[in-house]
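One chain comes next, on its own, written as structure tokens: the form predicted alone.
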Amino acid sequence: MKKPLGVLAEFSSSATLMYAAENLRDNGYKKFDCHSPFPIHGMDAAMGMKRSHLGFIIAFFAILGGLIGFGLQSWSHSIAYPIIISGKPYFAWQSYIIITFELFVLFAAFAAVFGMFKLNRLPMFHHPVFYSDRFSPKVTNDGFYVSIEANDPKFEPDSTADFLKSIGGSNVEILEEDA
């Protein structure tokens, strides 16, 4: 018995793909993705995607890194090892700026990389669209596709395939794996 993993439909252009994304969003589909060989301006809004939280994650960790860098230097120079070097006061904050900036950037970079991995659910070693013979050779060249995952609340294999055909999808196929 074969278990359905999703439905894949091909569209003729970026405009029809945008139209399909708007229709899927307006009809209550949540777990779908649009695949094209190049970025399409406005596709995020057409799919109903919210603004990414990655910027807030990066800002939080950048500030945290800066505070850690400044705090560690302040503590070590003023409290742990209070030694007067070259006549500087114990709290010579001007000399702390370089390390503070470096840790600010370091924490921001790590937050960007690991935050992006988490928010994009990476690494994803396999996706149901790779079961399609038409998808792989065309999507990076001249193919425009919509895939709807089986865990979408509105997913029903036959009715979802019919809906994709009604909004202009061609070569609609139900993606399945052996259960």
Partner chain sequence: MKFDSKIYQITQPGSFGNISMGIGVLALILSAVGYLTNAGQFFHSYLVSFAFWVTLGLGGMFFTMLHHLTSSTWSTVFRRISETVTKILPLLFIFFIPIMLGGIHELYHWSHADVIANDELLQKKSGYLNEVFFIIRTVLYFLIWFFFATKLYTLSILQDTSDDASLTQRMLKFSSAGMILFALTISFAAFDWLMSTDAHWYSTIFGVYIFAGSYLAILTFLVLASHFLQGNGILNKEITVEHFHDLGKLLFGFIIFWAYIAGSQYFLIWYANIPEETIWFLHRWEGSWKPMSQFLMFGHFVIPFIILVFRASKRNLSVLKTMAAWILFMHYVDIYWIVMPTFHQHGVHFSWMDLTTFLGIGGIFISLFWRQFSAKPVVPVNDPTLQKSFGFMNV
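Positions refer to the first chain, counted from 1. No experiment lies behind these values; they were computed from the predicted model shown.
Although not depicted, the form predicted together with its partner chain is the subject of the following passage.
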Next on the checklist: 51, 88 and 92 - do all three of these have some heavy atom no more than 4.5 Å from its partner chain in the predicted complex?
Outcome noted: yes
Next on the checklist: I'd like to check something about residue 41: if you look in the predicted complex, is any of its heavy atoms closer than or equal to 4.5 Å to a heavy atom of its partner chain?
Outcome noted: yes
Item to check | Partner contact for residue 98 in the predicted complex: its partner chain, 4.5 angstroms, heavy atom | outcome: yes
